[in-house]
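A lone chain, given as C-alpha cells: the form predicted on its own.
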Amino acid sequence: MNVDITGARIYWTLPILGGIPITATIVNATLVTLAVLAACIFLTRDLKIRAVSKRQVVAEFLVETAQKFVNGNMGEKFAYYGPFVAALFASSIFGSLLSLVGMFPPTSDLSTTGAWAVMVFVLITYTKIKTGGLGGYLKGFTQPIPILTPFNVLSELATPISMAFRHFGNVVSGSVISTLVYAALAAASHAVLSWLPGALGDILGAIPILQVGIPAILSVYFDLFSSAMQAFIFCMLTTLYIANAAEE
C-alpha cells in the first residue's frame, strides 16, 4: 500500500503537474465537505416564518449558537465571520470523527490543519493592515524597541505554526495511544489466556478478548470529547486572534 509522509493512503496519482497524489486526506476531507453541504441543504429546505419544521428548529439553533460564539468573542462588528468559524468547526469535528468508522481522519494530516492555520493567519494579517495600515503593521514589529524586530517576526510566524501543530498533534497522539493500547491488550490477552490447558488455551489465546470494552472507553475520550475540544479550541483561537488584531 502506497502512503505519503503523513501515513495517509495514496489512492492514485494525477499525471498532471508532476503527478499529484490523491490521498485519503483529500478524499475523506472532500467527503466531509460534501456531507456538511448536504446537511446544510437538508436542514434549510422549505424555511418558513410560522409552523416551522423540526429541521428548521435545528438549523436555527445551530446558526444562533455559532453566531453567539462569534459575537461573544469578537463583537458584533465581526458577525460576518460566523459562517467561516462554523465551517471551520464542522470540518474539524467531523473530520476527526471519521476515525469512529475506521476512516483516516483528515485532521491527522498536518497539511489539513496547516492549511486552516494559514487561512487564519492571512485573516489576522489582513485585519492588522486594515486597522493600522501597512506602515502601522510593519512598525509594530519594531515595538517596543527596534532590536526586538527579529523576535517579533518569529512570534508572528509562530501563530499559524502553533495552531496547526496543536490541533494535529492532539489528534495524532490520540490515534497513537489508542493503537498502542490495542496492541498491549492483544498481547495481554494472549499472555493470560494461552496459559489455559490444551486446545482451549490455543484457541482463546489467539482471540484478543481483552480488546472488547476497554478501547470503547478510550474512544469516547479520544474520538468524541477530544475531537470536539480541539475543534472548539481552534475556533476559539481563530476568533480571539482576529479580534485582537483589530485592536492593535
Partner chain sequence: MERAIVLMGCAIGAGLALIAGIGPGIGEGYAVGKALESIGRQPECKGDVTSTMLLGCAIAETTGIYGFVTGLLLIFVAPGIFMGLL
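Predicted, not measured: the structure shown is a model, and the values here were computed from it. Numbering follows the first chain given and starts at 1.
Just so you know, the form predicted together with its partner chain exists too; it's not on screen, but the next bit is about it.
In the predicted complex, residue 143 stays away from its partner chain, with no heavy atom inside 4.5 Å. Among heavy atoms of residue 155, none comes within 4.5 Å of its partner chain in the predicted complex. Its partner chain in the predicted complex is not approached by residue 86, whose heavy atoms all lie more than 4.5 angstroms from it. Using a 4.5 Å cutoff between non-hydrogen atoms, residue 233 counts as a contact of its partner chain in the predicted complex. Heavy atoms within 4.5 Å of its partner chain in the predicted complex are found in one stretch of 76-84, 167-175, 129-137, 89-97, which is 167-175. The candidate spot formed by 33, 62 and 228 is out of contact with its partner chain in the predicted complex: none of the three has a heavy atom within 4.5 Å.
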